[in-house]
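Given next, in structure tokens, is a single chain: the form predicted on its own.
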Amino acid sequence: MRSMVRTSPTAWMVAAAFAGMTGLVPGEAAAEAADAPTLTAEESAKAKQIYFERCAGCHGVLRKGATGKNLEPHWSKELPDGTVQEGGTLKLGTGRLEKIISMGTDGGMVNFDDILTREEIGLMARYIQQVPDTPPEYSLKETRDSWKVMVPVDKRPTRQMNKFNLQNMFSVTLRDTGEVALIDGDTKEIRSIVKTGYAVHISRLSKSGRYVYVIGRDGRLSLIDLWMETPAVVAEVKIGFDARSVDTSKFKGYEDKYAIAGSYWPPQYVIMDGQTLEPMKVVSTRGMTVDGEYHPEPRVASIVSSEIKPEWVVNIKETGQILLVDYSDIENLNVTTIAAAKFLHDGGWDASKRYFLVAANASNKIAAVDTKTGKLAALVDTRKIPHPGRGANFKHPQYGPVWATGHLGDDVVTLISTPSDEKENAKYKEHNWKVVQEVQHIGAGNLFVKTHPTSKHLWADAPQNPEREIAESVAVWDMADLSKPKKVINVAKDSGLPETQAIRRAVHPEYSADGSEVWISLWGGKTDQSAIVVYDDKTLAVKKVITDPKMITPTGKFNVYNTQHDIY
């Protein structure tokens, strides 16, 4: 068993804020539910840190559940037939909770027996039987107080000062060190390692392709200038205690003018100046769910920027509401609210860039919003817990344009027919917004599917699967024949690294700018050597294994050109 070591100071500060800013101090014991196991102050502090790092993203800060189950000590809900169902962590008990944490579930929760020690698993089983703490709020003033500009706009380069091929640069999350590695896609060399927030969730590109916006789970948003001789952070701001998403303004006339970032806690989004990150407005997302019930923690799950209108598409997880935020007048903000389904998570554009498809994953649906009309286009039923990342667009030989999603809770890749204005695709109209095929995957636990306009292949990972062989592998299909995988690739074996006790999860296929290569992270433990394995997309052979002692726990990789132009 491996202990939780090398925890970032930033992560600890965030966990301390969660633990202590409601009248508690870091290390003070959590409020105890009746009959709950007791915790010492030291145990409580450690458990809160682990919960923030490993659990809050799926289960929520208040533990009311979303992608993951409700983890409150006691809960009840009325069923359609009028009966009341009751449950809770107290009802499950410490022994049962330890087994669930250790072994994972078929709903997409990984096994933690190779991530946490036996003692830590026991600690977490006892901790989640306590009454959850309520973290503090975070105001516009606090946001502004956190804002820093390291290099003013007028002191930045007026042209690219390095000789890197920026279009084929990769922004790679080093999850557990709170850093981003900028890796040259041509030479496979690390050009810069930039200190950012803890566990950066995504990297987004400015419309111009000059700036990279990266946001960590600790709410720290960093702006990286790729034009500098050594790319570095030129501005940063903390937009909350827990965050996931960021994007910029892309509509003609507003290129790079504004940025928006969404917070998990507090549930709100922040609008900023696009080149300095100066906070301009904070907007709360608390409100009613699509079921007509108030929710205290409706988190901002994903944000994308439309190029059809001056709007951001902002997806609110717990309420199931999709917001179209018009940024043409920030002072008099106009927001269109579209009822979709709980619990909205991540998604991507269709091939036309008119429709945005997002997973309502705990509702087992994909919601599609028409950004041209500002209305919901469809709600499509799928298998358990769809998790597309951005999804994948390609032309199916039988059904025409489709968008693909994988699933955390089922062993299929789902293909959904999408509309097209091209005359040659008119014959596929009868299939639009229907599931036209379910492609058999190697197992449940998928996080990302990916293809490229120049590729004939569809790639899918399964890092959340509890089985080592599956979690360390990816599947590749020939899109001309999706009846079975063309090849199942064990990325861990291809890396040439020595085998470890911990599962080294193969995660997040990402194409090079020209579509000739696919990069896959091999995400090992904090004390294990991790790697990025680069494959030739045509031959499926290994081209390069990128390793470096400084490259710790790489996860998401974002190619500058593909991210800038929403190619997937």
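All residue numbers are counted from 1 along the displayed sequence. This structure is a prediction, so every number in the text was calculated from the model and none was measured.
A second form of this protein, the form predicted in complex with a small molecule, is not displayed here; the remarks below concern that form.
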| query | finding |
| --- | --- |
| Partner contact for Pro37 in the model of the complex: the small molecule, 4.5 angstroms, heavy atom | no |
| Close approach of Trp403 to the small molecule in the model of the complex, 4.5 Å, heavy atom | no |
| 4.5 Å heavy atom contact, Gly515 and the small molecule in the model of the complex | no |
| The small molecule contact at Thr547 in the model of the complex, heavy atom, 4.5 Å | no |
| Partner-proximal stretch of 40-48, 57-65, 538-546, 495-503 relative to the small molecule in the model of the complex, 4.5 angstroms, heavy atom | 57-65 |
| Contact residue in the model of the complex, from Lys238, His452, Lys365, Arg175 (heavy atom within 4.5 Å of the small molecule) | Arg175 |
| Listed residue that, although the small molecule is not shown, lies within 4.5 Å of it in the model of the complex (heavy atoms), from Ser302, Gln129, Thr143, Gln268 | Ser302 |
